[in-house]
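What follows is one chain in structure tokens, specifically the form predicted on its own.
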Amino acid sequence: MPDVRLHNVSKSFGTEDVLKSVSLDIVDGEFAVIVGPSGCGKSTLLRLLAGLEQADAGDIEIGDRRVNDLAPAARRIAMVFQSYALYPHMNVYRNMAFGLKFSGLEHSEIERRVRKAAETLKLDGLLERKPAELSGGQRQRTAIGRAIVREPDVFLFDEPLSNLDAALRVNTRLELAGLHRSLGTTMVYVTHDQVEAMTLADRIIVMNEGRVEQTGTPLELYREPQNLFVAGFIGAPRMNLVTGAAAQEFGAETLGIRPEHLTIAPRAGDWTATVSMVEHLGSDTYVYADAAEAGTLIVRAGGNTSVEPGAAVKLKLDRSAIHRFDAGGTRMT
């Protein structure tokens, strides 16, 4: 299976520059997740890889082939979209097999591929059902199965879980991770959900306004964000970002503090704050507190924390875990 490479790839629609000289290397067998806010260019990048759009500049390579001018069918890729796009009059088997009928494969080979994919996706008992008789998760697995039977070199996923409810999203996410382990095929996955990115990716590519802000493993991005955008985007709840005199005390223009690196101190602390809201989530409690020097801060506390809105508290930060950023928003060493 091949690596995927983009070299200085740009794309515009009219006067809008959607991708601005993007360069990426995605390693053979890697689960790479492209994440970023709506409009950052991530879906356009995926469509360029698939051949559904043409780059204005730069090179796209899959393995040792430059694929800029190749039709989608010649790129040995398979794409799973946000919409299931299943044929409503066909059962699961026929939906999965349909694209292979025009490939010249023998019927026995089509049968083998469909049965194997159905077993992998736990659809083998549902092959005679039509889409209307399936749950949302089963429909999405059928769409994934339709991609698997093509036995591509690279899978492309464009926000495939966004139409599922919360419980199904978690379950299907686990199934996707297991699928990648079993197939070992290169997967490029686009999402705006940073939780999906953190839980699925071998490597995350963070995009913003048509550019790559940072790439790295989930923990590298969480522990060492290279700029303010990545610091604020990766992590739930988001990193606390403090400016003004409170940050300058630490030699920074902006100070970043993860919620788990703030504690409610019984006596002395770094800041005095007033609790504005408390979210009890069972194992964790998120305390929102307003500090005159530092603004509104989120504290990740234990599930048994019992503070109430309006209470005055002392907040103590873990000084070994702070992040410092300069006036340009770049991480300081």
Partner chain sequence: MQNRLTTISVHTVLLVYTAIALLPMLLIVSNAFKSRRAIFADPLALPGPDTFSLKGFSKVLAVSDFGLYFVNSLTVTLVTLALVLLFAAMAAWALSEYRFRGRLVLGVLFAVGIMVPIRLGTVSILELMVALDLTNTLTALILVYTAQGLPLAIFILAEFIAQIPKDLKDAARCDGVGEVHIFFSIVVPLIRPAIATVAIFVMVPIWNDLWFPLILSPGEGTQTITLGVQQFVGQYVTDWNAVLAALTLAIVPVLALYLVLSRQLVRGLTAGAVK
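Numbering follows the first chain given and starts at 1. Between two forms, the rigid core is the largest collection of C-alphas that superpose within 1.5 Å. All values derive from a computational prediction rather than experimental measurement.
The discussion below concerns the form predicted in complex with its partner chain, not included here.
With a 4.5 Å cutoff on heavy atoms, residue 135 does not count as touching its partner chain in the predicted bound form; it lies far away. For residue 144, no non-hydrogen atom is located within 4.5 Å of its partner chain in the predicted bound form, even though that partner is not displayed.
Residue 83 belongs to the set of residues with a heavy atom inside 4.5 Å of its partner chain in the predicted bound form. In the predicted bound form, its partner chain sits within 4.5 Å of a heavy atom of residue 47. Residues of just one listed stretch (300-308, 36-44, 271-279, 52-60) have heavy atoms within 4.5 Å of its partner chain in the predicted bound form: 52-60. The partner is absent here, but in the predicted bound form a heavy atom of 150, alone among 169, 150, 115, 192, sits within 4.5 Å of its partner chain.
A heavy atom within 4.5 Å of its partner chain in the predicted bound form is found for one listed residue only; from 251, 237, 244, 72, this is 72. The partner is not shown here, but in the predicted bound form the stretch 91-112 reaches within 4.5 angstroms of its partner chain through a heavy atom at 98, 99, 102. Here residue 183 does not count as shifted, since its C-alpha moves by less than 2 Å between the shown form and the other one after the core is aligned. Superposition of the core reveals a Cα shift of 2 Å or more for residue 90 between the shown form and the other one.
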